[in-house]
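Shown below, as structure tokens, is a lone chain in the form predicted alone; questions about how it binds or moves come after it.
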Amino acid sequence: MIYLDKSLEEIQEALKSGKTTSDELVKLSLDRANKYQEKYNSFVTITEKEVLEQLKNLDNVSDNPLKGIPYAIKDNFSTKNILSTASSNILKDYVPFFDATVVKKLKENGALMIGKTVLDELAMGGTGTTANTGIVRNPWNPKRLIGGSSAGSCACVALGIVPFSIGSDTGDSIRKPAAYGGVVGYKPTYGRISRFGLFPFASSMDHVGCFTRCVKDVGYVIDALKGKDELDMTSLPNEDIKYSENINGNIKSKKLFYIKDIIDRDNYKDTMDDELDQILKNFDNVIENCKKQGFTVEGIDFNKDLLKAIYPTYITISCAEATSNNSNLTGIIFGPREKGKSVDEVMFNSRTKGFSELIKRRFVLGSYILQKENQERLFLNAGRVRHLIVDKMTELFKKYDGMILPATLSIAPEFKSENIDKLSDRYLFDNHMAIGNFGGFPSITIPCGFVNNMPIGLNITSGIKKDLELLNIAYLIESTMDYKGQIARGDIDG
């Protein structure tokens, strides 16, 4: 029996009964991490020395469901005395002197960090291809991408290296990789988990979340992480409830909606192919299953212009906020410092060499957006459009308990650029998960099938602070399908 492949609940039961030990779990986790690193590139740093030292000081296993269980965390979280690079050359040697609140809480709960995972540089990207240490490959097919920016965090769960991992989500950076990787990806209500120690990308949209292999496991992870943090003024007070004890699918009839334009085949006349057709058919089947479980599911009209505005609104706001948040990455305070005849020249040379072309383009765009003469026309207008979208969703959540849609309108693309560019026309309707970041709504992606031997995902989003209700909806829908607990590669062994 390979207990590392089981759910958190099953692993903890095995630990308490003596069927396995934390030493065995960590050894297998590290073995897998090293075995698959060259092929899939999940990790920036495998923290073997640190986790083995932590094991020596681990008390006997208790009822804490995370105690003695290995996990991985995205490399844009501060970890004391451990390299924290955000997958960028400008931070390639940065070793923080403090732990992020999330890291601190996981330590307090006895979870064992086996590594820091690869991300798109500074979390700005959705492909998993822009890290300074190379691309992250999809465990289901290494010729395909896994998505991003939380690429490595998704891949290491899909590979069975760890049963859960931590990521960040600013537009869909947990939920889209989860769809491509065949795992569960959860982004809670904004502020539910402290962001102290998370390298900021776009502060008004950044969320901390997790990857697991089943919905119930999300509850255990969030129970350990949620709560007020005096170091994060946006954090929410802890609820006097344990999600893990209340995720049971025992919910009364719920009303869900989907946006008709997003699944309307007429909108994809020029790009419709067998892949998209199967994804839409899969969604039709999911809706029928939901109705059999007592859900009311209705299609609604959503202003098409607002749907088309999601991506440019996201880019405008995120680039502006990122430019401001990363203005300290100068080569002066920390990071590689290039030579120059003046402070300005040192900063110019350090940033030119320290950032990839993608990041430099985003910073140039952000600087342009924030120029005084452009703020009203670009940044403030984007904020108004965001407001319109959030207001529309808030009204819908007064009538409905959740929004349900395909997480993506494609399987994970191949790395060849022509395969990615082919999908560009679909992107007008394939950015709906950013709505969850615009409004801070809790949102989850769960596996719901396969197309051309690649996993696809279902996304569900609910109203503010309705995290438990959302998790119960997802848990019930998950129970109608047979994709819980799956691991990508069948040749993984102990």
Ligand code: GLN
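Counting begins at 1, following the sequence as shown. Source: prediction; values computed, not measured.
Keep in mind that the form predicted in complex with ligand GLN is not shown, yet the notes after this line are about it.
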Check your understanding: Where does ligand GLN sit in the predicted complex: which of 333-341, 100-108, 375-383, 119-127, heavy atoms within 4.5 Å?
Key -> 119-127
Revision key, fill the gap. Ligand GLN in the predicted complex has a heavy atom of only one listed residue within 4.5 Å, and of Tyr400, Phe363, Trp140, Tyr314 that residue is Tyr314
Review point. Among Pro406, Gly219, Gly171, Gly209, which has any heavy atom within 4.5 Å of ligand GLN in the predicted complex?
Key: Gly171
Review point. Looking at the partner-bound form in the predicted complex, is Ser149 within 4.5 Å of ligand GLN by any heavy atom?
Key: yes
Practice item. Give a yes/no on whether Phe201 approaches ligand GLN to within 4.5 Å in the predicted complex, heavy atoms considered. Key: yes
Revision key, fill the gap. Restricting to 288-302, the residues within 4.5 Å of ligand GLN in the predicted complex through any heavy atom are none
